[in-house]
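One chain is shown next in structure tokens, namely the form predicted on its own.
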């Protein structure tokens, strides 16, 4: 490797970036003048916009996630525009899509979906791609998040299938066949222990669930029976130590617990419930 590569790799390694080679290659490829893929072992500096690269690198050296620098994050079968106003969609959240597909076998079925706390719109868009005749309402309390969701919905040409609203669940007065959500569920202490990259560049409102992380679930539990149609289902993401608490919270709502799903690390991650 030449001195340019080694020097920049060392900068990333000095601040303990987990995969410096991968990050450096991504930043170089998003700074290049040419179409060909940039490879670290055989790089031509003349193919790189150095001003752009150095700007990107300096952002990464401040622990800004790659996704926020290049404004792109992959989820399910698509790439999504993201910025610091929305939570990056995570692989474990794809369990919501998988459980929806397990639940509704007929992909041409006509039904309604509510996505609470849509953020980038990744869940709503992924479900719309899978269920062609679903009518989806995607809500968020953040104006900036709704802007990002609308950008992604427009990019995917789904404006006729997904309606976005800047609104809280308190104001929802219609009912749905399927409700999905990846809510804020970190406790106060868990949020405090997050990495700099997450705390400084992801929206606190999408992560912090209050002292014990359960604020959203309690609020939803009060409203959920009124916004679920007969035989409707709720598929919701939870924190790894929240299963028993969430099960009790939704039991008070009269919902029927069906199953839980663990992520790849064998941590409780998704709950599926139905209206009795």
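Positions refer to the first chain, counted from 1. These numbers were taken from a predicted model, which means no experiment stands behind them.
The following text describes the form predicted in complex with a small molecule, which does not appear among the structures shown.
K.L.:
Hey, in the model of the complex, does residue 92 get a heavy atom within 4.5 angstroms of the small molecule?
P.N.:
Close contact exists here: in the model of the complex, residue 92 approaches the small molecule to within 4.5 Å, heavy atoms only.
K.L.:
Considering non-hydrogen atoms and a 4.5 Å limit, does the small molecule approach residue 163 in the model of the complex?
P.N.:
Residue-level check for residue 163: no, no contact with the small molecule.
K.L.:
With the cut-off set at 4.5 Å between non-hydrogen atoms, does residue 80 touch the small molecule in the model of the complex?
P.N.:
Although the small molecule is absent here, residue 80 would stay clear of it in the model of the complex, with no heavy atoms inside 4.5 Å.
K.L.:
Would residue 178 sit within 4.5 Å of the small molecule in the model of the complex, counting heavy atoms only?
P.N.:
Flag for residue 178 set to no.
K.L.:
May I ask you to choose, among 169, 97, 186, 104, the residue with a heavy atom within 4.5 Å of the small molecule in the model of the complex?
P.N.:
Among 169, 97, 186, 104, a heavy atom within 4.5 Å of the small molecule in the model of the complex occurs only for 186.
K.L.:
Each of 87, 182 and 237 near the small molecule in the model of the complex, meaning some heavy atom within 4.5 Å?
P.N.:
Judged in the model of the complex, 87, 182 and 237 all sit within 4.5 Å of the small molecule.
K.L.:
Which one, 206 to 214, 224 to 232, 24 to 32, 64 to 72, holds residues whose non-hydrogen atoms are within 4.5 Å of the small molecule in the model of the complex?
P.N.:
Every other range fails; the passing one is 206 to 214.
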